[in-house]
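Single chain ahead, by itself, as structure tokens, in the form predicted on its own.
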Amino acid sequence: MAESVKERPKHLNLFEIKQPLPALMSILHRVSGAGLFLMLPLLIWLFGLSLRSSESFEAFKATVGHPVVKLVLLGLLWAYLHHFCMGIRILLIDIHVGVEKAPARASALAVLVVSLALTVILGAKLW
């Protein structure tokens, strides 16, 4: 019995595959969650530094005042806002709101726009 076997790609290049916007937002949701988790020790250290004493608060202000730290905190702010907005979108999809192709694409675009806009607004206050 001869079966036709479909040729599978030998070298799958993920950078050449055109992903739809909802797929990219889902990937960014995972990346932002992982980034938040991995940077949690830094955030806890900064929080403890800000509360320990007045001297440690001055050290906190000096640390957070550094441009590289501000850039890292801006990235964490975007990660939090994207993860939050995408989480709301996923909860809506779980109750079957916006499951079709057009609303799913629109809600993914809304997540991107809202998270970036909030990052710019709150990041301007941070910087």
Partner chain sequence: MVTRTVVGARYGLKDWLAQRITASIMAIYTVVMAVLLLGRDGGYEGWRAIMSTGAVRFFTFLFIVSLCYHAWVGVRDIWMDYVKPVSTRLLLHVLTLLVLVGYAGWAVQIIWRL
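Positions refer to the first chain, counted from 1. Model, not experiment: these values are computed from the prediction.
There is another form of this protein, the form predicted together with its partner chain, and it is not shown here; the text below is about that form.
- None of I44, A102, A62, V68 but one reaches within 4.5 angstroms of its partner chain in the model of the complex through a heavy atom, and that residue is I44.
- Interface residue remark: G75 is not counted as part of the site for its partner chain in the model of the complex, having no heavy atom within 4.5 Å.
- Interface membership of V120, defined by any non-hydrogen atom within 4.5 Å of its partner chain in the model of the complex, is ruled out.
- In the model of the complex, its partner chain lies farther than 4.5 Å from every heavy atom of R8.
- The shortest heavy atom separation between A34 and its partner chain in the model of the complex is within 4.5 Å.
- In the model of the complex, the residues of 33-57 lying within 4.5 Å of its partner chain by at least one heavy atom are, in order, A34, F37, L40, P41, I44, W45, F47, G48, S50, L51, R52, S53, S54, F57.
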